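A single chain comes next, written as structure tokens; it is the form predicted alone.
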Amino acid sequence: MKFLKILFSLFSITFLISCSSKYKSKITFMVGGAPNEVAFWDKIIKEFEEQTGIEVEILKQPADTDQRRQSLVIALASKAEDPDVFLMDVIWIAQFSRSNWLEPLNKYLKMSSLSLDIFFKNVVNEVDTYKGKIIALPVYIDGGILYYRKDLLKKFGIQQPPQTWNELINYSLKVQNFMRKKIPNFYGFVWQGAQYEGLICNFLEIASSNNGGVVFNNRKIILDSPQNIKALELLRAFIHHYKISPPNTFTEMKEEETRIYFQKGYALFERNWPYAWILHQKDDSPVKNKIGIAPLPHFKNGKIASTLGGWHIGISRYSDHKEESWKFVEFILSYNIQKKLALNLGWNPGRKDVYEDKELLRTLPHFKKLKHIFNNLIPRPNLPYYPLISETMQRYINASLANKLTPQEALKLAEKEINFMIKRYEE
């Protein structure tokens, strides 16, 4: 009898403890990144928990993008209930969609105050939509932009940044020839040409600005086009003919190498992502208050183009807390949180309206121009096997930059190899 009383008491205590919890349910959120980013997610989650009573457990991922992708693939492929919500690099979405791992969001949007009109239309239509259904939404938008030295352009009587590639070449040569009297390793234009994903982003921008790009038609990739050949010829010419880009562009230049080179004051123009702005404007930066941003140039009869990057949020199809997960998605995409992500992490909001925020523009004045640039974003091929396509393009385009292959040879060989791979994949 005494044993039963003790057992009953223990049961009662356990019951009371469980009932006294301030959280009515729990979801898991998988996210990675730099330590400061993960730390800020902790703050955002506490705010969400206090407002909704829904507990959020962070499943922390490493900073490395490939490792983040792999951890998500393992969880989703095994149909695990966790994570419920996660962030995806823009180039993963096609694979995740094709694998049927993402919960369609249309029914949640119908009952939500969140409208698709607040997002960049081209991003939602070309990346976040699969078979007519919304399967993700943008949290953080990225795109290639042109940084330039305002002080040097003014010194040489140049009134505005270049609008065409020919103007960029002419301005670069003019300033470069003068600056090398003091800085022998000064170059006109630094960009990402090493053999990695950033090279493809640069190539797509140049090709698209010549009305080219990667065309996928009738289950075949078209790369070997006159527009693309001319674009690759231009990239090679920056290094070998005009010599306005460093000779190590195709061996070493990635985002940070490019950013550091420009920030030291060794270049007139820089192609990079918006993240570099805050670093260029740090107190110890030699180029602080000397820079401006503009859309990337284009060919004479071409158009402005900026490769789409960034991170999107989605809900797992296998989540056992979809309603609660949607509330978390709504919260992350709210005006207030998007603004906080911008002010604290420098993230470019997925929402268009935040770019007009007066407080935000006082701190990050370049956001005004970013909104215009982001209206010209171009996605990379929205195909589930895009990583394999990119890897092949990287090898051949980089070989052409190294003068091992002509632009036509490189694109022709890449096209042939990719289409052989696609044929095997589609069978």
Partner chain sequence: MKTYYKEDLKTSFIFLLPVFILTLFFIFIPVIATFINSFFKDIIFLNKRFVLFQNYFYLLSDSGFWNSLKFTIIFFIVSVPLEIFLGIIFTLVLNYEIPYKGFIRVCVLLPWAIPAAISARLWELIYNYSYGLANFLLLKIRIINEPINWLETGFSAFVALVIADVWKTTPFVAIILLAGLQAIPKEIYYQAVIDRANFLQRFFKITLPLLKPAIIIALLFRTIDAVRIFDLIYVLTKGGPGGATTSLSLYAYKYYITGDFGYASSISVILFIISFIASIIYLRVGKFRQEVL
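Fair warning: this is a prediction, and the values are worked out from it, not measured in the lab. Positions refer to the first chain, counted from 1.
There is another form of this protein, the form predicted together with the partner chain, and it is not shown here; the text below is about that form.
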| property | result |
| --- | --- |
| One stretch from 160-168, 91-99, 173-181, 295-303 that, in the predicted bound form, holds residues within 4.5 Å of the partner chain by heavy atom | 91-99 |
| Residue among F120, W273, Y147, F250 with a heavy atom within 4.5 Å of the partner chain in the predicted bound form | F250 |
| Proximity to the partner chain in the predicted bound form, single hit among K264, K79, K154, K133 (heavy atom within 4.5 Å) | K264 |
| Distance check, Y385 to the partner chain in the predicted bound form, heavy atom within 4.5 Å | yes |
| Interface membership of E255, the partner chain in the predicted bound form, 4.5 Å heavy atom rule | no |
| Partner contact for N36 in the predicted bound form: the partner chain, 4.5 angstroms, heavy atom | no |
| Contact label in the predicted bound form: R395 to the partner chain, heavy atom within 4.5 Å | yes |
| Every residue of K404, F420 and R424 near the partner chain in the predicted bound form, heavy atom within 4.5 Å | yes |
